[in-house]
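Starting off, we have a lone chain in the form predicted on its own, written out as structure tokens.
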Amino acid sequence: MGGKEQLFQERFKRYSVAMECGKPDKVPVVFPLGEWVIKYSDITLQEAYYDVDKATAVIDGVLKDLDFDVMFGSINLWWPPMFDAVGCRQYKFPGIYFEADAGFQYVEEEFMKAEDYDDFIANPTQWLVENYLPRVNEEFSEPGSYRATVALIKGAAGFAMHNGKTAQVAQKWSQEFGIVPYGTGMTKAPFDTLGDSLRGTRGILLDLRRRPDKVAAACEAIVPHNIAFGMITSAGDTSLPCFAPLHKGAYPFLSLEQWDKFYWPTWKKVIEGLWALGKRVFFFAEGDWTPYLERIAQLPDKSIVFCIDLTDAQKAKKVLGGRFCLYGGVPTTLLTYGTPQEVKDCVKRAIDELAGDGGFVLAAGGVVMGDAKRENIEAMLEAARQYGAY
């Protein structure tokens, strides 16, 4: 073994030791891939979303001169050809619905009505197939019709082709650049599943007051599905954590009482269920989660990688440090509005405060925005190597 394979193994070991709360040879550092990369290329976001080969060529050019361990994120989070084929009402992409260089749009609606709760709770999968899919996808409005069948075939083909391409790209980056992916698979907190995709923000907030018992029962019904989804989408891998974007759990979206009653119990069950299967959760805590740190500390040791965005980093270190890997340290706003020197100062401060006894990964605390500066990203990686040796 030598060259890039050896480099991959060194980086994978560094990341794995940190996730186990140990002290590797140096602090692992994460490259945040995102739409900002396209700003420094000659292709549009529409091309990046729909043409994996073009997007890959752009990313290759950015990666070749950088030194980091793990890559997080993607230019394109979704499957535009599949969504277009089935007439999805939730996701709209550039070049078709608006200008070619704008980011995708999420259109939130109440695709699950208040009167649907009982049927959903009784059998979530059956309700999704019979009700949600026809409502959210225009081409499925007449299930079993010729039009719906053709759309299903085209959508499935688009999904498979896109995923096949991206899997090949991930393997290529590992072989050519020695890059370790941050995780495998995806799951969500049941309250987010209900509030994001089914009831919508307005609907779920009204439900908390008008039908709280239905909300609690629906979240319970979602638990086994979100455990299964995490394992299925990771193809059973347990070496890397499962991504969990957490949207409606950050303080103060819910009151402390609501969080304790509606958000945490079922989200805790999903994390514990995955951990029982050997799968760690990438607890992507965008926003401020400081008031909840003591509750989060109730989880089994090492069962999560806790991402620090606006959460009090020193308190997170005090409450969670040594039992859970901490991830972050660099605000995403600094990567857009700061200077390279300010970024380097921030990296040094984060390593001094959070990395002393291991169990820390240096990274941006959230999704890096499309207007982030390339020189600031490079400054973050350089400073991590400069100050991150143990």
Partner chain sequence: MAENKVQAFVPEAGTCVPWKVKKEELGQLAGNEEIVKQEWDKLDAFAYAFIWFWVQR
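Residue numbers count along the first chain shown, from 1. Owing to the predicted nature of the structure, the values given are computational and were not obtained by experimental measurement.
Not on display, but discussed next: the form predicted in complex with its partner chain.
Engineer: Among 206, 167, 114, 160, which has at least one heavy atom within 4.5 Å of its partner chain in the model of the complex?
Structural biologist: None of the others qualify; the residue that does is 160.
Engineer: Exactly one of 148, 319, 133, 310 has a non-hydrogen atom within 4.5 Å of its partner chain in the model of the complex; which residue is it?
Structural biologist: Among 148, 319, 133, 310, a heavy atom within 4.5 Å of its partner chain in the model of the complex occurs only for 133.
Engineer: Tell me which stretch of 120-128, 310-318, 175-183, 296-304 has a heavy atom within 4.5 angstroms of its partner chain in the model of the complex.
Structural biologist: This holds for exactly one stretch, 120-128.
Engineer: With the partner absent here, would 41, 336 and 374 each sit within 4.5 Å of its partner chain in the model of the complex, counting heavy atoms only?
Structural biologist: Result no, not one residue of the spot touches its partner chain.
Engineer: Indicate whether its partner chain has at least one heavy atom within 4.5 Å of a heavy atom of residue 280 in the model of the complex.
Structural biologist: Flag for residue 280 set to no.
Engineer: Is residue 290 close enough to its partner chain in the model of the complex to count, meaning some heavy atom within 4.5 Å?
Structural biologist: Residue 290: no contact with its partner chain in the model of the complex.
Engineer: Is residue 225 close to its partner chain in the model of the complex, meaning a heavy atom pair under 4.5 Å apart or at it?
Structural biologist: Residue 225 belongs to the contact set for its partner chain.
Engineer: Although its partner chain is absent from this view, report whether residue 196 comes within 4.5 Å of it in the model of the complex, heavy atoms only.
Structural biologist: Contact with its partner chain, yes.
Engineer: Just to make sure I understand: among 137-164, which residues lie within 4.5 Å of its partner chain in the model of the complex, judging by heavy atoms?
Structural biologist: Heavy-atom contacts to its partner chain in the model of the complex: 137, 152, 155, 156, 159, 160.
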